[in-house]
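As structure tokens, one chain now follows by itself in the form predicted on its own.
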């Protein structure tokens, strides 16, 4: 059983430590520092995120997506055919993203996240998984002025992400995660989503995981289990119906349990966490269970995120004592 995260980690540190990354970004915007100096600060904050995840007791960590301004911009802006527009709300959250605008044919030009993954792997005491926003979500949250068809755009993005994932494999990644919250808002697209997913993972040899959050999978389960991923991660906080879905058909993949509320400062107890794990993972080999927050942790104060992860890891250890 693994204690892990879904992706992002709060960039702003606990008081009284200064918000060094935010301050550095502001200085770059004013021309007061260079991009290289900003990159150095981002490296330092990434190391902090890695150390704090490890100290909390996680088994599998991410780089915290410290360099990502938002879920859309970081990868999309490096693709041919895409420009970046103004700010728009990200789903129903209080977070905003700069909306990609598809001006021409989309294509991958160079690795975007490989350096980030390699840096994190080199500086982490725990195994690191790279996390990418999936092609369907990237397409749905972009303005399409070229393809005029969401499936065609998503397939082009899947091709680009497939090349990025292969570059991550070459850099040593053994598990690559794709986040696709948008499909839960457009379940009628599931047939085309399945085709997009097949293109996304075509030829990959690393394990792959698909994480769905901000809702439940009712209407597309158990069809989800036919998708070509090794692990499926579900949100059991905003997707309460997922619990009943698990009982409606055997879960034949590795299971991602998003049971810690990533958008609420209320702390769950280790006993509550262990009980949820026992209830939800019944019938699944404990070695195939990854327990995590419901989504990325960027919505929380950093000290709360740290404590939630510590309690998560403690709950996983308690559950292991019962399940083994």
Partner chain sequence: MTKGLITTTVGSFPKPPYLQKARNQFSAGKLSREELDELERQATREVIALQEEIGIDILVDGEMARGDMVVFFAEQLEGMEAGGLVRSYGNRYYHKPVVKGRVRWTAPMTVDMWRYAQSLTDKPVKGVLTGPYTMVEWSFVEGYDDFRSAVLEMARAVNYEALELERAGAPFIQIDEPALSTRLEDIDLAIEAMGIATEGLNAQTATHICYGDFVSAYPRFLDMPVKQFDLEMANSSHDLVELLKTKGFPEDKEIAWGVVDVHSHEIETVDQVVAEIKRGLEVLPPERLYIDPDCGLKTRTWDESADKLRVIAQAVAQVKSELGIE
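As the structure is a prediction and not an experimental result, all values here were calculated from the model. Numbering follows the first chain given and starts at 1.
Separately, the form predicted together with the partner chain exists; it is not shown, and the next lines address it.
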| property | result |
| --- | --- |
| One stretch from 286 to 294, 66 to 74, 251 to 259, 268 to 276 that, in the predicted bound form, holds residues within 4.5 Å of the partner chain by heavy atom | 66 to 74 |
| Touches the partner chain in the predicted bound form: residue 95 (any heavy atom, 4.5 Å) | yes |
| Close approach of residue 89 to the partner chain in the predicted bound form, 4.5 Å, heavy atom | yes |
| Residue contact check: residue 25 to the partner chain in the predicted bound form, 4.5 Å heavy atom | yes |
| Partner contact for residue 311 in the predicted bound form: the partner chain, 4.5 angstroms, heavy atom | no |
| Residues in 273 to 299 with any heavy atom within 4.5 Å of the partner chain in the predicted bound form | 298, 299 |
